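Starting off, we have a lone chain in the form predicted on its own, written out as structure tokens.
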Amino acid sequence: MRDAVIGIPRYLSYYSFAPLYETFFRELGFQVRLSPPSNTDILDAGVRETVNDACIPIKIFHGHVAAIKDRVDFLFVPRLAGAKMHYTVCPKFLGLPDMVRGSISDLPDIIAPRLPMGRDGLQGLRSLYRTGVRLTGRRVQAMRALHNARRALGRRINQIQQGGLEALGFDQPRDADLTVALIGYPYMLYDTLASGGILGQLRALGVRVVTPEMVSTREMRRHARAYPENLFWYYSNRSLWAGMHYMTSGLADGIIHVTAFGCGPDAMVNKLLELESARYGAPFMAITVDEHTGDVGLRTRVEAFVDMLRWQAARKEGLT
């Protein structure tokens, strides 16, 4: 068993909790194998394996499963669920292991612990601990692995909040004259295929980028209190609160919301961000992505938005 290979699809919650997942299984003594970075072959496989009306994140995830399933002994597909009545995630996260089993044949055994999500992230990891005990039969080792995994996740979160996107391997332009807040779910922002490469496009235009992961928990909570009722969904709330932070703090010259076509929760987030941007006079653009989105059209919209921000900045300085 200790020589077994745990396969982790490199998508969805991986972008939020990669250090937790990888450290936990390695500390248990397993080999960890990730699926390749998202590419068109993975997307095509996901489109073939998934029902037609699934959103692009679900299609991409199925493609990642198909890309790795024959090279591992176990697949790690956690169930993200709400910890309390008022905080939950998209139902597809809760049913993800069942969706994968129902769509793709010849799968290895799936490890699917239930990971509850609250306002500030993961609210309990007992099921992950029990998974470690079941796989190894060693309680102390499972507890130590979980402890080290949580510390690894905490370090990554601190690195991002202190060092920005560089902590995730994305370089920022040194002489940026603009800052754009890129708002969206982590698996839509940091996955080059899902986002259409928007991070690279903004960097090439000399724009510095800030994201929800760079906003502190304290600031998130402050903006959560600004609403009499928050949304039901963990990722949606984070997007909304982060957008409010950048609109009210003056830390961003404009807001771009990246959303997946057909995402019900994100449709509400987008409308709220649009209304708040009008209220605070913050330039705002929404980009909706699906498997048919073309790079050229996306690049044209991003370039036009950045040109508009520079024109506004020059106008304020009396240069136009």
Partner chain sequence: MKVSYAHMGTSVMAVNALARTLDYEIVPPTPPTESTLTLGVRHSPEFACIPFKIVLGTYIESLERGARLLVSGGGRGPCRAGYYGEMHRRILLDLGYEHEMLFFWPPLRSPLDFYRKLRTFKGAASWPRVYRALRLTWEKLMALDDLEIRSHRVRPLERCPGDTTRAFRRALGLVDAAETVEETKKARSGGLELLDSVPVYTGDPDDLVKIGVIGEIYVQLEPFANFRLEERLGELGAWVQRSIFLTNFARTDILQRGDQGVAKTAAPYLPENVGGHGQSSVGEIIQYAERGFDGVIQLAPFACIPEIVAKSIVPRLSREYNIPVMTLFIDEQTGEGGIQTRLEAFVDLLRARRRGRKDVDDAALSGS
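If you're wondering where the values come from, they're calculated on a predicted model, not measured in any experiment. Numbering follows the first chain given and starts at 1.
Form predicted in complex with its partner chain: not shown, discussed below.
If you check its partner chain in the predicted bound form, you find no heavy atom from any of 178, 190 and 283 within 4.5 Å. Contact check for residue 89: a non-hydrogen atom falls within 4.5 Å of its partner chain in the predicted bound form.
Contact annotation: residue 54 falls within 4.5 Å of its partner chain in the predicted bound form, judged by heavy atom distances. Its partner chain in the predicted bound form is approached by residue 101, whose closest heavy atom lies within 4.5 angstroms of it. When contacts are judged by a 4.5 Å heavy atom cut-off, residue 68 does not count as touching its partner chain in the predicted bound form. Only one segment in the set 190-198, 170-178, 121-129, 223-231 has any non-hydrogen atom within 4.5 angstroms of its partner chain in the predicted bound form, and it is 223-231. Proximity to its partner chain in the predicted bound form, defined as a heavy atom within 4.5 Å, holds among 144, 134, 114, 151 only for 114.
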